[in-house]
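A single chain comes next, written as structure tokens; it is the form predicted on its own.
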């Protein structure tokens, strides 16, 4: 582990060298919002952003990914994407989400398509400089990360501190021009940034300790909240599609007009969509909006934590912003389950 101090010119020159070496996907402004996109020059990079529309997971688990090409009969060819690239400016909560995806795609039957992209990625985290309107990462322990990244940028007064780790971090450091090690005072200021972010990234205050959410949900299966909120749900899946920890996908085949060849691909899918749980024969395991709406919160607070030991909500707040019906706020839902226990729950 090494930590360097970069002034703004050094940072700009370093980003320019990264761009010259390999594809770099960083945060750019789009109208009044921000998106991850390929950088063509350092001046496009915005590290002072609040939150991106879609999470950076889209470069490791693309919205559409070709898996194999096929021809009638037995001939097929797996399609791989493993060109090295850089993700630059990933907020801590989004990095925690990527690490969760790593655990999920590595377990039981490893997903080689995901893992090849993940191994190709060099991820540079950037501490939050400007809190978004709906972030609550400070409530779920994702406002700050201190390990597992390749690089970490933190704004301190007239420049940035860059911490690098591991083999990929050494490559990042090799592109620095006349790097200066950070001194004790600068490291202390970074600690101040971390403590401040833990306090201020709480636009919605979760009143339930995250480790108690599983028990709360086990007691709340029949809570009237699910039906009440679901009446307003459009089943549009917006909350799924902007979520950095959602990883469900649908696999489809697409044939050429000649029927001589085709491709198998996967696309993002979401549990709020009406046909998500549809199986052969037309049976739907979650045919009602209430069942689908409830499932989303159980996935975040119970099902995934049982698999990997971590809450599957990182507090980015994107779902709150994306939901035009105003029913997708996890903090509001969990707080209400805690504050208004169902009668049957109270009897237990």
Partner chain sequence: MRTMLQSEEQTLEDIYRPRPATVVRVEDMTRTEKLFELELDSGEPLGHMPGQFVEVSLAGIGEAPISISSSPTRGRRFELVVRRVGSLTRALHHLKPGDKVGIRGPFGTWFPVDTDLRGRDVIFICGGIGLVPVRSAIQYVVDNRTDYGHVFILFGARTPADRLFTDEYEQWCSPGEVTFLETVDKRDARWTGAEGVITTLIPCIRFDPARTVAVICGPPVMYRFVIVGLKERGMAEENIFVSLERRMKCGVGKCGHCQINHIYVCQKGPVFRLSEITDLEEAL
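In this text, all values refer to a predicted model and were calculated from it rather than measured experimentally. Here, rigid core means the biggest group of C-alpha atoms that superpose within 1.5 Å across both forms. Numbering follows the first chain given and starts at 1.
Below, we turn to the form predicted in complex with the partner chain, even though it does not appear here.
Look up in the predicted complex whether residue 183 has a non-hydrogen atom within 4.5 angstroms of the partner chain, and give yes or no. Taking the distances in the predicted complex, the answer for residue 183 is no, it never comes within 4.5 Å of the partner chain.
Should residue 188 be classed as touching the partner chain in the predicted complex when contacts are defined as heavy atoms within 4.5 Å? No.
Is residue 70 a contact residue for the partner chain in the predicted complex, using a 4.5 Å heavy atom cut-off? Because a heavy atom of residue 70 falls inside 4.5 Å of the partner chain in the predicted complex, the answer is yes.
Any of the heavy atoms of residue 53 lying within 4.5 Å of the partner chain in the predicted complex? No, residue 53 is distant from the partner.
Work out which of 170, 83, 250, 133 lies within 4.5 Å of the partner chain in the predicted complex, going by heavy atoms. Selected residue: 250.
Does the partner chain, in the predicted complex, lie within 4.5 angstroms of each residue among 277, 280 and 294, using heavy atoms as the measure? So, yes: the whole triplet contacts the partner chain.
In the predicted complex, which of the stretches 304 to 312, 23 to 31, 319 to 327, 41 to 49 has residues with heavy atoms within 4.5 Å of the partner chain? One stretch meets the cut-off, namely 304 to 312.
Along 10 to 49, which positions have a non-hydrogen atom within 4.5 Å of the partner chain in the predicted complex? Heavy-atom contacts to the partner chain in the predicted complex: nothing from 10 to 49.
I want to check residue 309: does it shift between the shown form and the other one by 2 Å or more at the Cα, with the core superposed? Where the cores coincide, residue 309 shows only a C-alpha shift between the shown form and the other one that is less than 2 Å.
Does the C-alpha of residue 256 move 2 Å or more between the shown form and the other one once the rigid core is lined up? After core superposition, the C-alpha of residue 256 moves 2 Å or more between the shown form and the other one.
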